[in-house]
Ligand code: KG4
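Shown here is one chain on its own, the form predicted on its own, set out as structure tokens.
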Amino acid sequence: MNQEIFILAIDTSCDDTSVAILRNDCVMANIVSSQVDIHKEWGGVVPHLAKRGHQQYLDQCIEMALHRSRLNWDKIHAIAVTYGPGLAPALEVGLQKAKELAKEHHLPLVPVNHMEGHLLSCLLKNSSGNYYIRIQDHPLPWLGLTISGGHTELIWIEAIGTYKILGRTLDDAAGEAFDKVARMLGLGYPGGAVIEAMAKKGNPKAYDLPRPMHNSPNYDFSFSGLKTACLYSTDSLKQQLQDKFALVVPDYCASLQEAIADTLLIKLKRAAKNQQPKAVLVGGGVSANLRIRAKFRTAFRKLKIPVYFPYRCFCMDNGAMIALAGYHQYQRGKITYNYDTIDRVPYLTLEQGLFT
């Protein structure tokens, strides 16, 4: 498509308020207002506080995105917005604002699945039209892995917009496991980043933690058993070591990180060997973890299948990935002017959609 399409996107799926503007698949602006400091004292995201934060900062984010992209509303072709999955009160804020703006400016609405945004985030380009990461154009099909606080899914990508879930977590997600064990270790919230930092000083072989479902022939994941094993072992270590417990925390973090990375990699390799994709795309907050990236790259170099991770600022929730998914939907004509028919779907799956 030679025509320049400008998409403004809003994401309020969880605790980050984000607005982005893309020219086709190129990022013109990506504004993120983080609420980490608000939720840190509670040890996790509090839905009504997240909603209040979105209400407070969303208008400012929209104004900043327009200013940074040097665009006016008359240049925008459509408004993309996350309608699920996510926290219901948080989703409501972004969806309501998107409807108001679409009506005011007579623009089509593009309802986007948040997980499709994570899935496609490797494909974002900068304002000059260059990929943010070293990526080559590969023919389809691809294999995708989304790993975040709420989701761990293996996805077969037949085409952009055509997906099949090969496997998913049966309980806790990978990011949730990081957060819950970080809480056990007294490391606070969010857990993934602090565990990764502590793990750099530790021995990944210090503690023998389980790799759940590694012998199961399917592609599903489970992290509840790992979480339970960590609960028992950390309680035991605290009793044994008492004041010296802090000395073993780096080793424990390294061992946990290794267990999660191995658990993900076992299923991802199995799917890649069986399905033979042309490339592997990994997205979601946990994909920012450098140890996971290193292990995946080493494994897939041996399989001679390219594996790609998003530019690190696009691993966490962001409007740019929603705009990208919205841009592809816009190209396929998957838009609506019937704004009132669009509602939030907190438990939306990647295989569901308004236009399927």
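Predicted model only: the values in this text are computed from it and were never measured. Residue numbers here begin at 1 and follow the sequence given.
Omitted here: the form predicted together with the ligand. The next part is about that form.
Novice: Evaluate residue 281 for contact with the ligand in the predicted complex, applying a 4.5 angstroms cut-off between non-hydrogen atoms, and reply yes or no.
Specialist: So residue 281 does not count as contacting the ligand.
Novice: Are any of the heavy atoms in residue 262 no more than 4.5 Å from a heavy atom of the ligand in the predicted complex?
Specialist: Flag for residue 262 set to no.
Novice: Contact between residue 88 and the ligand in the predicted complex at 4.5 Å, heavy atoms?
Specialist: Looking in the predicted complex, residue contacts with the ligand do not include residue 88, since no heavy atom lies within 4.5 Å.
Novice: Tell me, yes or no, whether residue 285 is in contact with the ligand in the predicted complex, where a contact means a heavy atom of each within 4.5 Å.
Specialist: Residue 285: contacts the ligand in the predicted complex.
Novice: Check 198, 250 and 258: does every one of them have a heavy atom within 4.5 Å of the ligand in the predicted complex?
Specialist: No, the whole trio is out of contact, none within 4.5 Å by any heavy atom.
Novice: Can you work out which of 58, 316, 29, 307 has a heavy atom no more than 4.5 Å from the ligand in the predicted complex?
Specialist: Only one listed residue qualifies here, and that residue is 316.
Novice: Of 94, 192, 212, 117, which one comes within 4.5 Å of the ligand in the predicted complex, counting heavy atoms only?
Specialist: None of the others qualify; the residue that does is 192.
Novice: Which of 97-105, 158-166, 141-149, 127-135 has heavy atoms within 4.5 Å of the ligand in the predicted complex?
Specialist: Result of the contact check: 141-149.
Novice: What residues, if any, in 169-192 have a non-hydrogen atom within 4.5 angstroms of the ligand in the predicted complex?
Specialist: Contacting residues: 175, 176, 178, 179, 190, 191, 192.
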